[in-house]
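To begin, one chain is listed below as structure tokens, in the form predicted alone.
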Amino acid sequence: MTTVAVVGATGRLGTQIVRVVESMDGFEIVARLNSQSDLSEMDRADLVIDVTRHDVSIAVVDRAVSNGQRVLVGTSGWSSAAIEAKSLPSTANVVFIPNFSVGSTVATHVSALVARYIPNARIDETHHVNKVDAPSGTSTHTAEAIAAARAATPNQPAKPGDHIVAGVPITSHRLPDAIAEQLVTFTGNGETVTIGHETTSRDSYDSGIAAAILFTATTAGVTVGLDRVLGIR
């Protein structure tokens, strides 16, 4: 039996993760931490799942790695640069998941394929008005995947207010009735390619959450992205 601590257990994603873990054979939740909890409550678990804020997440990851615990991070803010700057030890077993949606993960992978041939790209992303970070972890991850795949220098002007991640302009929208939506637009010589994904129910995250938990329970080292978990790349 793998024991699990969920940090951020009372939030929207945390509540969903608790439900998924409780439905999985071989896993048992032994700690559910909220904003008032002391992080020491997570110490007795084999696997720590972090869905908090980035500043809290740093402390959670530090403590879990120091304890030799496995960590699944679903908190936004962990860009490639932030993970690299963390300089996690070789003994760390940490999995960073920007988005638990299988469909969104596939859309990001396809965006990287298009970027090889059409380098001019921009991202429009929409989330619920209560999402505190912008751009989202998903759009940041997509921008980094596009930048890594491009063979040519892009020529994509930014709009006022855009965020620039890895050279990719991102426009962030926050609306009261939204869950998650991302539209990647590539412009070429007389043609446009668009790759869109919309989350219409949070239940769509369940399969990705379960896959990430199983992966984190057995993998070694540092892994970034649900695409790695699913074997897409």
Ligand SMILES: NC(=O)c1ccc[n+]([C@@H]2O[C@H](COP(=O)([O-])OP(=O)(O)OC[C@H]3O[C@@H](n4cnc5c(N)ncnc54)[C@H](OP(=O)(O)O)[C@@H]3O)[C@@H](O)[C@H]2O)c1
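Heads up, when I say rigid core I mean the largest set of C-alphas that superpose within 1.5 Å between the two forms. A residue's number is simply how far along the shown sequence it sits, counting from 1. Values in this document were obtained by computation on a predicted structure and should not be read as measured data.
Quick note: we don't show the form predicted in complex with the named molecule, though the next part is all about it.
Q: Could you tell me which of 81 to 89, 105 to 113, 152 to 160, 67 to 75 sits within 4.5 Å of the named molecule in the predicted complex, going by non-hydrogen atoms?
A: Only one stretch passes the 4.5 Å heavy-atom test: 67 to 75.
Q: May I ask you to check whether Asn34 falls inside a 4.5 Å heavy atom distance of the named molecule in the predicted complex?
A: Yes.
Q) Taking the shortest heavy atom distance, is Thr140 within 4.5 Å of the named molecule in the predicted complex? A) No, Thr140 sits far enough from the named molecule in the predicted complex that none of its heavy atoms falls within 4.5 Å.
Q. Quick one: is Arg174 in contact with the named molecule in the predicted complex, heavy atoms, 4.5 Å cut-off?
A. Although the named molecule is absent here, Arg174 would stay clear of it in the predicted complex, with no heavy atoms inside 4.5 Å.
Q) So in the predicted complex, does any heavy atom of Thr52 sit within 4.5 Å of the named molecule? A) Residue-level check for Thr52: yes, a contact with the named molecule.
Q: Heavy atom within 4.5 Å of the named molecule in the predicted complex: which of Ala217, Ala9, Val222, Val21 fits that? Just give me the one.
A: By the 4.5 Å criterion, the partner-contacting residue is Ala9.
Q: Consider the chain as shown here, without its partner, and state which of Ala166, Val56, Ala45, Ile179 has a heavy atom within 4.5 Å of the named molecule in the predicted complex.
A: Checked against the cut-off, the match is Val56.
**Q.** Stretch 90 to 111: residues contacting the named molecule in the predicted complex, 4.5 Å heavy atom cut-off
**A.** Read in sequence order, the residues that approach the named molecule (within 4.5 Å, in the predicted complex) are Ile97, Pro98, Asn99, Phe100.
**Q.** Core fit, then Gly137 C-alpha moves 2 Å or more between the shown form and the other one
**A.** Shift at Gly137: 2 Å or more after core fit.
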